[in-house]
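A single chain comes next, written as structure tokens; it is the form predicted on its own.
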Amino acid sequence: MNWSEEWNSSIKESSYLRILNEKGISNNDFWKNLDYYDELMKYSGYPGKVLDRISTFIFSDDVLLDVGSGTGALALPLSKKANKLIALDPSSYQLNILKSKAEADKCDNIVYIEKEWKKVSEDEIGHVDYSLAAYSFFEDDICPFLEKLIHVAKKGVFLVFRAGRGDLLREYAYNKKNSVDYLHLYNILSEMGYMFNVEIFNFDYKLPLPFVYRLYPYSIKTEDEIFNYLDENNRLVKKQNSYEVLCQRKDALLYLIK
């Protein structure tokens, strides 16, 4: 199997890149439509133990680079452990949320770069001890993305991605199967000559049903169809006059300490 070719093909077909192309919208517009993202993180407990594990490697004099930092699920807490954190993301909308949260939390050691990873030079970044990418591997050519992450980091690299297919409701909502997971990253990295350690973290949580409906703004499925799917798969819990949805997430942490 050609792991990188399968990855590249799948990402084009099943990730949010397909939505950007089909809808003709920008990265920024996509994230504006997902303005509930931070609320979802609170419900799901992410990053939880993934953050705890990464934190064990970070010291107060370290410089971290978070590629695809988003609204700071990892960047904000890790900035408190490090000397400096570089938050890189192509969405100004996401970075502005992170900036507001950092200001409210009195975190003044974050540097913000609004660019795609492939368009950033090493001179712009400067010294980096550890590089990090979590659920931000949506590139149509994964090998250069990973090689650059590894090259710029002096001490180590952390990668976070799903273990398994993720929530099958997403596949139902979008009629697209998630065919890649952390094993693809692991094998791609192995073929590139890098042997990463792997740890898996499980999260069980519940979401209010109205919140679940909001998770798939570009789905062709109706709310009734989503409700029936969840009901048939025994994922609904009745709570007085409402429902909660049983959810599970499996995160894989791949890391290389140099």
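Throughout, we count residues from 1 along the sequence that is shown. A quick note: this is a predicted structure, and the numbers were derived from the prediction, not measured.
From this point on, the text means the form predicted in complex with a small molecule, which you will not see here.
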| query | finding |
| --- | --- |
| Among 175-183, 150-158, 76-84, 135-143, the region lying within 4.5 Å of the small molecule in the predicted bound form by heavy atom distance | 135-143 |
| Residue 187: touches the small molecule in the predicted bound form, heavy atom cutoff 4.5 angstroms | no |
| Touches the small molecule in the predicted bound form: residue 166 (any heavy atom, 4.5 Å) | no |
| Residue contact check: residue 68 to the small molecule in the predicted bound form, 4.5 Å heavy atom | yes |
| Residue contact check: residue 94 to the small molecule in the predicted bound form, 4.5 Å heavy atom | yes |
| Check all three, 16, 31 and 88, heavy atom within 4.5 Å of the small molecule in the predicted bound form | yes |
| The small molecule: the contacting residue among 211, 218, 37, 59 in the predicted bound form [heavy atom, 4.5 Å] | 37 |
| Option touching the small molecule, based on a heavy atom within 4.5 Å in the predicted bound form, out of 205, 196, 227, 46 | 46 |
